[in-house]
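This document opens with one chain alone, in structure tokens, the form predicted alone.
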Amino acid sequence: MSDTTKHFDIVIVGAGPAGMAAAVAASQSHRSVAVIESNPWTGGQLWRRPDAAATPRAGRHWHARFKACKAHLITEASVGDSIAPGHLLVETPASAFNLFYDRLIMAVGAREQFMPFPGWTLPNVFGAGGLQLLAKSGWPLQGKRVVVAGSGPLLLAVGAQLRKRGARVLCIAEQTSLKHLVRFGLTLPRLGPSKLWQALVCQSQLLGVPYRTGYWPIQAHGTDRLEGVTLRRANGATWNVTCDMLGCAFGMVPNLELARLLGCDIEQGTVRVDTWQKTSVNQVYCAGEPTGVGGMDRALIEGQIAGYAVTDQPDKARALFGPRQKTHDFTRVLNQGFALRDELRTLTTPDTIVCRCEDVTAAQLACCDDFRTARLYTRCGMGPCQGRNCSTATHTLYGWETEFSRPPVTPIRVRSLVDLSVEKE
């Protein structure tokens, strides 16, 4: 086998909780297992510092299990293309190679959902999770006035992390109503007791910080950088907050680019899988957020089921069907509790940027009927993020569907595309 060709029985794309769990389960067989991760670390965004004392116990536990399973790990690796079934074109900073597999597990996670509103592209307006990662990486936050806004349980965790790092968290603005939030909270003792405990811990760390339900940002103010934000309440009242930073995200959306490239069926914005986590494409499986954003517990269980299924260990996989159903029930109530309100679809003004890569405004998109037309006439979705952000935004704003994925799935060097050819064994 040449330096530009590698082959493994099982290839797992993604080394977050789902990918690590899949590798641990798959390695209990005698199959060769490789894990492809785009980051320099394992654990995804949730457990990105395996040896840090701040990493939760569950993270340290799964990092230890993953290290012991001796799966072949390739970090800083981008999947660019799939020229044929059973093949991936992979690039690292040092090289590019053709990766062949017998069975594939996609565990590629999710990303934050952004909603365009006037001023959202100003410097110091961050994704909530992105701001949290900066805090974990040592970004100077001491004394900074921060507003956290959007939707979902992540807002509490972000606020607590920022306050721990010395930021002055002025408020947390949650777009869902108090009624929906209470209804969601009542399900936690049954469906997510660990998540209830996590929420209580975060709230204890945020004592004195206003938590506003039924509020959402409608405009970020500033010239060269963020100077303040206007929040609107469901009754129409507004509240202006002077701040240095805004962490804003409206939930999470699955990463579906690789699944679409491989031809997997997508239903209601998630990859369709059967009880064994198998997709509609032969020998391709999926676990974690691409099948539905439901948190760490769901990702770990689905990862294990997929790992056992691809290595023909059905009894071990079947034993996890019950716990998986419980996490699916939690996902359902999570989606209901934090469903985005209709008012968020009307925040843009004609000059609001929708595609920040290509500076495409809402006015420029007014003449378009679908995402394909928008790409042709405005270059919306053709920038460095390759439509990952604006396709989600336009789906929420206009109902446009994005049913295609073109290689490369992630940006890679042109030389890698030119030099590599599929080598037949």
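Nothing here was measured: the structure is a model prediction, and the numbers come from that model. Numbers for residues come from their place in the sequence shown, where the first is 1.
From this point on, the text means the form predicted in complex with a small molecule, which you will not see here.
Stretch from 394-402, 61-69, 38-46, 357-365 whose residues place a heavy atom within 4.5 Å of the small molecule in the predicted bound form: Careful reading of the contacts points to 38-46.
Any non-hydrogen atom of G295 within 4.5 angstroms of the small molecule in the predicted bound form: It does: once the small molecule is placed as it appears in the predicted bound form, G295 has a heavy atom within 4.5 Å of it.
Residue contact check: A15 to the small molecule in the predicted bound form, 4.5 Å heavy atom: Result yes; A15 sits at the interface with the small molecule in the predicted bound form.
Partner proximity in the predicted bound form: G288 to the small molecule, non-hydrogen atom cutoff 4.5 Å: Within the cut-off, so yes.
The small molecule contact at T348 in the predicted bound form, heavy atom, 4.5 Å: Residue-level check for T348: no, no contact with the small molecule.
All of S78, A110 and Q132 with a heavy atom within 4.5 Å of the small molecule in the predicted bound form: Yes, each of S78, A110 and Q132 comes within 4.5 Å of the small molecule in the predicted bound form.
Listed residue that, although the small molecule is not shown, lies within 4.5 Å of it in the predicted bound form (heavy atoms), from I305, A259, A299, L162: It is A299 that has a heavy atom within 4.5 Å of the partner.
L226, C264, V147, L154 - the one with a heavy atom within 4.5 Å of the small molecule in the predicted bound form: Residue within 4.5 Å of the partner: L154.
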